[in-house]
Every structure is written in C-alpha cells, then in structure tokens.
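One chain follows as structure tokens, the form predicted on its own.
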C-alpha cells in the first residue's frame, strides 16, 4: 500500500522519478477512447473503425470503451490535422489515410507517387513487406503505435464534364484534391486545376458545380452517391492506392496493461482484414459488381488501354522524379524492387 501511494505521489509531483505519466491499471482507464476516421460506417473505411471499436470492447471485456468520431470531427473536419492531433493526445486512436498524414510524415508520400502501384499485388508487396515495416517504424518514432494496415483503395477519376482518356482531357477541369502538395503537383502537371478542400466541403461543391471532379476509390463514389451530383464520367486509371494505418496514441498505449495491448492489436489486425475485404469487394478481376452498379446509375466508365494509361505515366514522370528525391531515393528504390518481384 505504501509503495502504491509513493508511485502516485511521484507521478503527481511531475514525474521526477521514472514512472509513466499515466498509471497502468483498470481504475485509471478512460471512460471513453476517441477513435477518429474521415468517413462513417457507410464506407469500408468507417466500417473498419466500427468493427475495430466493437472488437476492442469484446476482447477487453469492456475495459476499453471506444467511440468512433467520423468526419474527423475531433479536428473540425480538417483531415491534414488528424495526425498532429493523435500525437498531442486530442485523438486516442485512428484509422488514418497515408495521404492525409503525409504532410507530417514525408515518407508516407511514397504511396502517393503517381502510378507506382499497378495492382493490388503491388500494394500488398509494400504494406505486407519491408516497406510496411519501415513505415510502421517511422510512425512509431513520430509518437503513435501502428498496429495494422487497412486500405481505402485505388483512386479513380470522376467528373461532371466529359470523358477523360488523355491528359489533354483534364485541361482546365477543377478537380478536388486532399491537402497534399504531391497531389497538387500531380494534377497541375496533368493540366487540371487542383482544388484543395475537405471531403465535407467537397460534396456541396460538386452539387453546385463549383468543382468539376474528384479522385477517390469506387467505394467512396458509391457510398457518397456521387452520380447524384452530376458525376457521369469515371476513368479507371488506378494512379494511386491509399493504405490506411490503424494506430493508437503512445501515451494511451502505455496506460493499458500488456494483456489489453495485445487485445487491441489483435482487434486491429482482425478489423483491418475485414476492412480490406470490404474495400476491394466488387472491383477485382473476379468480381466487377461495383463497376456494373455504377454503370447502372448512368455513369460512363472508361477503361484505359495500356497505351492510354502510359500517356498519364509519361505526363507525371517529372513529379515522380522530384518527389522520389524528397521522399528518399533508397526507400523508393526498395519499394520499386518489391513491386517488380511481386507475384501477380
């Protein structure tokens, strides 16, 4: 008893002794842990958050009670502030986009290099291999505990104006992008007019015609019903895939017992597996049901030939080379080698 009082006194005195700032033990757990996502459970990404929260409660016997906050509402909808908020403790847990976090963690820009990953096998070669381990080590150094990889998906191009088959077709179109300098450079070099805004602001902008198009996975297109805001043209170009990281704030992680940490990690791995399956449903070679659904909405889906896609690759080579140097040549080289060795 005396030892317990001594430890609590030391912590209260400002941690002069080497004890954790948050005393581990069930009585010290928060009543609620805040989980941030960009979208809600209607989307695979948000559904993954719901699954993770439920699994954590189940596996910890209710000791860790997780509440999901979609729409990055904990940072007033500003997607690019989410990672900083996790480090600061404003957010306890998150399933975050590598795109949204790349302004704070430059290495994550790797996944946004245009046309780096040609297929799902390439994505898996990165996230489930050496690159995935390196990225997790980088995130750990930045103050969060990474647990599993999920996926938002390959980002396809949709708009309300015209069919897009060549870079010239993009000329002058206002395309909504996230707050990533790499995305801004990519669409500028393609001749478009990139317009940065949050997803919450984007949908009314589409409806009013203030913005012509956007790039997002097909699951986002269908769940957000973008065909109802005039997006009648969709180009499948697969220029970027957006992995999602399941993470926990480091101090929160340290406040849990080792058994509960194991439970949260296991819940993240299981939830990520389910989320990834949802994200890829309907858009694989074996299952094209999502594309058929979208065509049923009256949307023209354009499937580029290899030669047509190569025109976009050529048009973005300068951006790729410039950002490869900024991200780190050695890291990108390792990624390129892993993709070249993948089994398709």
Ligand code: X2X
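Numbering follows the first chain given and starts at 1. Everything numeric here is computed off the predicted structure, so don't read it as measured data.
Note that the form predicted together with the ligand isn't included here; everything after this is about it.
**Student:** Please determine whether each residue of 34, 92 and 252 possesses a non-hydrogen atom within 4.5 angstroms of the ligand in the model of the complex.
**Tutor:** Looking in the model of the complex, the three residues 34, 92 and 252 all stay beyond 4.5 Å of the ligand (heavy atoms).
**Student:** Answer for residue 176 alone: is it within 4.5 Å of the ligand in the model of the complex, judged on heavy atom distances?
**Tutor:** Output for residue 176 is yes: heavy atoms within 4.5 Å of the ligand.
**Student:** Please check if residue 267 has a heavy atom lying within 4.5 Å of any heavy atom of the ligand in the model of the complex.
**Tutor:** Output for residue 267 is no: heavy atoms all beyond 4.5 Å of the ligand.
**Student:** Does residue 112 make contact with the ligand in the model of the complex, using a 4.5 Å heavy atom cut-off?
**Tutor:** Result no; residue 112 lies far from the ligand in the model of the complex.
**Student:** Tell me, yes or no, whether residue 220 is in contact with the ligand in the model of the complex, where a contact means a heavy atom of each within 4.5 Å.
**Tutor:** Yes, contact at 4.5 Å.
**Student:** Please tell me which of 99, 226, 144, 190 lies within 4.5 Å of the ligand in the model of the complex, judged by heavy atoms.
**Tutor:** Selected option: 99.
**Student:** Taking the ligand in the model of the complex as the reference, which of 235, 216, 127, 186 has a non-hydrogen atom within 4.5 Å?
**Tutor:** That would be 216.
**Student:** Of the listed stretches (259-267, 128-136, 149-157, 226-234), which one has a non-hydrogen atom within 4.5 Å of the ligand in the model of the complex?
**Tutor:** Of the options, only 149-157 has residues within 4.5 Å of the partner.
**Student:** Looking at the ligand in the model of the complex, which residues in 237-257 have at least one heavy atom within 4.5 Å of it?
**Tutor:** Just 242.
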